[in-house]
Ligand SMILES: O=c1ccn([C@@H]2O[C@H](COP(=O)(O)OP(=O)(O)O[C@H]3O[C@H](CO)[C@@H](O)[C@H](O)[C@H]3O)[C@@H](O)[C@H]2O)c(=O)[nH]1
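Let's start with one chain on its own, the form predicted alone, as structure tokens.
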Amino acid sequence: MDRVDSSRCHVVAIPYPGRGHINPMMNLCKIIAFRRPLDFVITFIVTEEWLGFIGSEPKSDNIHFATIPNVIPSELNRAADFKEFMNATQTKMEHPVEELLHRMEVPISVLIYDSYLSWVLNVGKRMNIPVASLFPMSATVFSMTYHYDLLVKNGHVGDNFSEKVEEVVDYLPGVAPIRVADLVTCFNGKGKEVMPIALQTVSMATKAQFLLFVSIYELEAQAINAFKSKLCTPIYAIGPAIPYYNFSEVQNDQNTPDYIKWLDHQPEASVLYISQGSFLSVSDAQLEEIIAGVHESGVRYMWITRGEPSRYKEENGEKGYVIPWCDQLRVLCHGSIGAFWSHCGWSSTKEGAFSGVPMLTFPIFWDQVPNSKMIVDDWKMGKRVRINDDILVSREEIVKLIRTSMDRESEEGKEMWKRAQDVKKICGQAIAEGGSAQTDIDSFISEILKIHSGIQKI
């Protein structure tokens, strides 16, 4: 680790080792560094493998990396055994992280940790360091998990829930009425084996000195207010924690990627952007229907996939652009994008909301399902592709959904576009100076600077 300035407030960030967790943590660190560059130095702890993935990405001079050995399974096959990977993060990381913290020469003012690494609270306690818990999913999902006992009491989770999938849960504080089928998957289905970790994560997060939600207050006001009235812990909705802060800088970059040049040549709102995330995938049979449906819809598309590109492109290939990676936020904010096909991970959900394009939702796992519900039913800026895990969505249905979402002349398409633009406006106002997210970030910064000031006086 590079030597850091002891006069500045030293923040140590400890993210959960997954892309959807590391990104919001790094974005928060960059925002803090940008807001008060002279007051902070930030150490960002990752495994050696993760340093290889992100070590060359641009960051402020006052953000430094520190590493622990690769004590957990590789990110490259994390999806192969999700339970083993998650258990490893709970049992293998604590000791090397604590050893690393003890070796740091500069006093640590505060630890910011991903809520799914709840052992950091115990480390903070042993080392007498205040701890802030950053919950990487929605405040709505936090409330669902926190109030799991109410779901048990009402028979909406557990062995006998299967006949109740269409029943509506309307008693969770801060959560809009939701079908049992739209709850977090680990409650009743996929991921159930790590449900105890999810429950512990949320329970422990409320014991931190600060609780941070990577969310726009106005989009989840009910859930956030419910916790503000219930908990003594200071709660901050810090905004989407996506890289909007350097967006104009990136747009003016002279080294324009080929995929942006391709988008530049497409008509306005004509391209369907498709990304199913980097972690989980659909069945082969379903993928065949999706590919056929996209092709038969006749729309232009940009498809992010690590699979064989030829499988995704049409024979003539003129309407499709297939690549393994892109700057997603930059793409979504491009004028040629007409809709976003998404797995509804929270990071993608926030980027879709920020960019203001209608969304086609195809959730697979965990919080993706309630996120899909939020996009479609609460924000009303999208349509569901996948509704039931066990039913194959046909190419004919996919064609219809794509054409409806991309058609801004139809009543339904027009309404979705209008709602997406309304949500975009809410996001823009929140992150502007004086907006809710900026105000909460500044309040959090002030609190941790007070802690640092206290340490300096001792």
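Residue positions are given as counts along the sequence shown, with the first one as 1. If you're wondering where the values come from, they're calculated on a predicted model, not measured in any experiment.
Same protein, other form: the form predicted together with the named molecule, not shown, and the subject of what follows.
*Asks:* Closest heavy atom of T439 to the named molecule in the model of the complex, within 4.5 Å or not?
*Replies:* It does not: once the named molecule is placed as it appears in the model of the complex, T439 has no heavy atom within 4.5 Å of it.
*Asks:* According to a 4.5 angstroms non-hydrogen atom cut-off, is C326 in contact with the named molecule in the model of the complex?
*Replies:* It does: once the named molecule is placed as it appears in the model of the complex, C326 has a heavy atom within 4.5 Å of it.
*Asks:* Any of the heavy atoms of W346 lying within 4.5 Å of the named molecule in the model of the complex?
*Replies:* Residue-level check for W346: yes, a contact with the named molecule.
*Asks:* Does the 4.5 Å heavy atom contact test between G435 and the named molecule in the model of the complex come out positive?
*Replies:* Although the named molecule is absent here, G435 would stay clear of it in the model of the complex, with no heavy atoms inside 4.5 Å.
*Asks:* From the list T201, S355, S109, Q368, which entry has a heavy atom within 4.5 Å of the named molecule in the model of the complex?
*Replies:* Among T201, S355, S109, Q368, a heavy atom within 4.5 Å of the named molecule in the model of the complex occurs only for Q368.
*Asks:* Report the stretch among 86-94, 190-198, 318-326, 122-130 that approaches the named molecule in the model of the complex to within 4.5 Å, counting heavy atoms only.
*Replies:* One stretch meets the cut-off, namely 318-326.
*Asks:* Mind listing which residues of 116-143 have a heavy atom within 4.5 Å of the named molecule in the model of the complex?
*Replies:* The stretch 116-143, when checked against the named molecule in the model of the complex, contributes P136, M137 at the 4.5 Å heavy-atom cut-off.
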